[in-house]
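In structure tokens, the next block holds one chain alone, the form predicted on its own.
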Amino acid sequence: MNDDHDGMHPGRRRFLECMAWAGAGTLWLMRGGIAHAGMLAKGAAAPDATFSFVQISDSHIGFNKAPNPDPVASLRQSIALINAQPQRPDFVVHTGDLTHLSKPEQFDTVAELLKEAQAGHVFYIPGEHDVIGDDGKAFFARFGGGVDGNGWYSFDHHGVHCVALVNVRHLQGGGLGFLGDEQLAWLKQDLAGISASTPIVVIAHMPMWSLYPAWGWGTQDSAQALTLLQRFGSVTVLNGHIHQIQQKIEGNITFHTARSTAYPQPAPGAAAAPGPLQNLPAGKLHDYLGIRDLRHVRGSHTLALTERTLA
């Protein structure tokens, strides 16, 4: 990817690579905040783990056009992937855009489908498509309002501190995400008592880095949040929104975007605007859709990330 497109000074960038993995998936090993990629071979043993969880994103239930007029079916296939894992995940995180138009029946469909996921719990954050018309009230009523009804929250699980942020309620110029002073103040307080050696996992819908501001692919005030996270030895940031896999590493913070379960979007700058890729080769849609499985070993700073397509 061209560095000129993302609005960040080249000196701040340590690594950026656009990826479109297909087939069995990709195995990610995170050490000290740096991810190392390798192809996931069929039948390969998964790393020993004290717990695992799954990221699913951008289901867009209610979408009914090319290239996927039936996102309900592809979400069901994604849930089948979760249920087929040899180790039952402790929980699932859905990183937003559950629905396409925030309709009550669309929220109901997602909630019912994800009851089929064989995982301990499902954690949700909204995407911009989930807050249409009511600033997220319907979403929060169904899936939890977090701290003071604002949607953000945190929890601890087997030595990992997980933080869920909301950056889609007050979009800025060009459609950029926004956290706001109140959420940033909460984040500062939330992290204050956490040891710097604790692995941190952050989930948000829109990228927490300036991936492609011309399309609104970034969060205007993310730098303030990242400053609060810099003291931790290992930080993994997971987001959705762009419907494709991209990665960036900055210091000990590693950023991963996720595939959609509904449809892919073009690479940054590869089209006049973002939107569903409609001219996919016949039979290739499921190469671009999928989920992410993450495993953590107690007492370590290592997360193994496995990308799984629906193909």
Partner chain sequence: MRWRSTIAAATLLPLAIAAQTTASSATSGKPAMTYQVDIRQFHFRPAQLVVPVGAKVTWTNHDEEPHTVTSAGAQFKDSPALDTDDSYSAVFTKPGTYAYFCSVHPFMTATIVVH
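Residue numbers count along the first chain shown, from 1. The structure displayed is predicted, hence computed values, not measured ones.
Although not depicted, the form predicted together with its partner chain is the subject of the following passage.
Contact with its partner chain in the predicted complex, defined as any heavy atom within 4.5 Å, is confined among 164-172, 143-151, 182-190, 108-116 to 164-172. None of A214, V122, I194, L226 but one reaches within 4.5 angstroms of its partner chain in the predicted complex through a heavy atom, and that residue is A214. Although the partner is absent here, A80 is not a contact residue: none of its heavy atoms lies within 4.5 angstroms of its partner chain in the predicted complex. Its partner chain is not shown here, and in the predicted complex it never comes within 4.5 Å of any heavy atom of K284. Within 4.5 Å of some heavy atom of its partner chain in the predicted complex lies at least one heavy atom of G275.
F53 falls outside the set of residues with a heavy atom inside 4.5 Å of its partner chain in the predicted complex. In the predicted complex, H100, L101 are the residues of 94-121 with at least one heavy atom within 4.5 Å of its partner chain, listed from first to last.
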